[in-house]
Structure formats: structure tokens, C-alpha cells
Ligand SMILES: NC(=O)c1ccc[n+]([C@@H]2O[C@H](COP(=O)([O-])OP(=O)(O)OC[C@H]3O[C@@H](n4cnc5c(N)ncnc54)[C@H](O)[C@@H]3O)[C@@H](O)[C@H]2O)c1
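The form predicted alone is given below as one chain in C-alpha cells.
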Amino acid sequence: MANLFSIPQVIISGEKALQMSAQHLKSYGEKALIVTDDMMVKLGNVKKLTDTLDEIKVSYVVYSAINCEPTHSMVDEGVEIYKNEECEFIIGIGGGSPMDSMKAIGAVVKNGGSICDYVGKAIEHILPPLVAIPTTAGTGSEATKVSIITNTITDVKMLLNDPKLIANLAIVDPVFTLTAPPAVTAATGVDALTHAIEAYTSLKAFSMSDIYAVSAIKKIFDNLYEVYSNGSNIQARREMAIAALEAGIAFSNASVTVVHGMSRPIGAMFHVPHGLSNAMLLKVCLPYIKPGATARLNNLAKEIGVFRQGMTPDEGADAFVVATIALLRTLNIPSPAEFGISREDFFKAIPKMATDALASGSPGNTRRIPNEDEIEELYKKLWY
């Protein structure tokens, strides 16, 4: 079976990656639309970028309204600014939301209509040059062909998937992640871990995606608790930034499974950040998928050093599940109740969330494919 493997055209990583990117940025045009959020402006991360653009004489306009997970109306506003300001390329700086918004804006700029029209369809025309600058080690959006935008009319997170959404340039500088507080570091780190585990256990996994998935998982187990407890450790931040990139490459090519399918409805209906909803679900979904992915989880136990001589494959898989749940416990991932969700409202929403999860297609990539009843039970386990 043939497999398509896609990554950004250019990846520049490590400290001072932004400065090394200057000539690439200059080659994309004379004016950029910077897509970001108010916090990135306040923390000075946008100024680091605009200082570089000033040095190379590239003008820009800042659109900083992506202050929650992106919606179709935010994309509409970004498209209008891009056209009115006569921009030539787009830079997304921040977490996954600004980068996903950047991709969606670029798609509509060149292809017209509304982003709501793009679900399940190929994007016809090539986008303006896209530059992705992650400030968290989590979403991997800097490396993916995916963008997730919420349709606020239907309360559905729309999954857009097309190789044209891959950034032309990914700037992975760990300096930007130093501003992420512990809770964000934890949730986004588990988001990256989920990407890598799902990519490795996906029915669409293949040798190239496996290389990136396994490398990411090892880095995350080695470094996530360190960056959570000691955020100024630049070496650990560097490893996590690369892990998030690798996990993004892995799932962009091998897809995701049941966790992501169930995560998007929670985000759409209860406004839980994507990385956090993944983190909540991983501990209940990983034991569920184990019977269908025993050999792969057993191999991951060997890769992270929790497999012991004499273990059976089933015991090895259990050891990986236990190690993952133990890591989640050290990161103090909040439950839905601790996040502030009403149990009554959550249970009332479960049938719709299960239907939407299956409709996304992601659960169908799981090596133990769930039905609607099983997904409903997994949602309920978040409260047990």
C-alpha cells in the first residue's frame, strides 16, 4: 500500500530560529497579516516577530482577535483584513488557534466563499505563503495539513484536512514557549503526547509516521514533567518543541483516532481548550484502545523504558497505559467538573457529542473501532 508523507517546505528550529528565518520571510512578500491573540501581544512575542520584520523592511498588520478556539466568524474577519490591507502572506504566531486560523484565512482568501463550505472538500487553489510560529509545545499545527474551526451556528468543530494547508515555513524556537504557564504547558504537552500515541496506533500508521511518533513519545516522557515543574529549562523546552513538531508530522500523515473524535465535541459545546479536552480523555480512551493495539503499546513500553524482561505483550501494553496515566496524574489535569462543567449539562449533551464524534471519522481509525454506545460510555467515565 502506498502512503503520502507531507511536511512543511522549510523547518527552522532551535534558539534564534526566528532570526535565521529572516530571508525566507522577506521572500514571501512585502506585507504580512499576523494572526495571533491578545496574550501574545501582551507577552511580547509579537514584538519579537515585528522587530524582525522591521529589520528586513516587511510591513505588517496585526489581527489579534483569536482569543479562544477559532470560529468561522473570526476567519471571516481575518479574510476581510487581509484583503483590505492588501497583504501578500500570513504569519500565525501563538498556540494552535492562531495557526489554524491562519490556514483557514489563507484558504478562503484564495478560494472564496465561507470556511463552512470547506468541510470534507478538497481545497482547489494554492494558499498565500503561510508561516507558523508555535509558542506552545503541543498542537503541532505548524507541521500539519489540518485546521479545526468551530461553526458557532451548529456547535460543531469543523475538521479541514488538505495538504495545501501545510505551512511553507515552520519556525520552532523554544524561546517562544518560555512564556507558557504550567497549566498550559501541561495541557499542550499532553495534546502532543495524544497526537503521537494516536498516530502510532492509528490504522493509517506507516513506517515514516511511526518514526516521528515514537521519537515524540520518548521526548515527551523524558521532558514534559520537567518543563511543567521548571519552565525556564530551555533545553527541556527545546526537546518539547521538537516533540510537538514530530507529533504534528506523525498525526498529519497517519491521522488521529478516538480521543480526537471525542475531544472536538467537548470543545465545541463546553469551550474546553482542545489540548485540555484531549488530556481529559486520554486516561479513559487509552485503556479502551489497548485490546486492539496491544503489540504497538507493548513496543511503546519498551521505547520509554517501562517494559520489564519476561513481560508478555499484554503486560507490556498495560505498563505503557499505567505509565501514561501516572504522567497525567503528576500534571494535575483537571476533570470536566474541575473545569466548571455541569454534570447535568454534560450528560444531556452526550448523545449529540457521540454522534458528532463518530461523524468526524476519527474514531474509525482506531484499532478497536468504537460504536456510538461505547463512545457514550467513555464520555460517562470522565465522571466516574
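What you see is a predicted model, and the numbers here were worked out from it, not measured in a lab. Counting begins at 1, following the sequence as shown.
The protein also exists as the form predicted together with the ligand; that form is not presented, and the subsequent description refers to it.
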query	finding
The ligand in the model of the complex reached by all of Pro70, Thr139 and Ile148, non-hydrogen atom within 4.5 Å	yes
Partner-proximal stretch of 104-112, 190-198, 81-89, 303-311 relative to the ligand in the model of the complex, 4.5 angstroms, heavy atom	190-198
Proximity to the ligand in the model of the complex, single hit among His274, Arg238, Lys219, Arg296 (heavy atom within 4.5 Å)	His274
Asn223, Ser209, Ser202, Ser97 - the one with a heavy atom within 4.5 Å of the ligand in the model of the complex	Ser97
Any non-hydrogen atom of Phe176 within 4.5 angstroms of the ligand in the model of the complex	yes
Contact of Asn253 with the ligand in the model of the complex (heavy atom, 4.5 Å)	no
Asp37: touches the ligand in the model of the complex, heavy atom cutoff 4.5 angstroms	yes
Partner proximity in the model of the complex: Ile341 to the ligand, non-hydrogen atom cutoff 4.5 Å	no
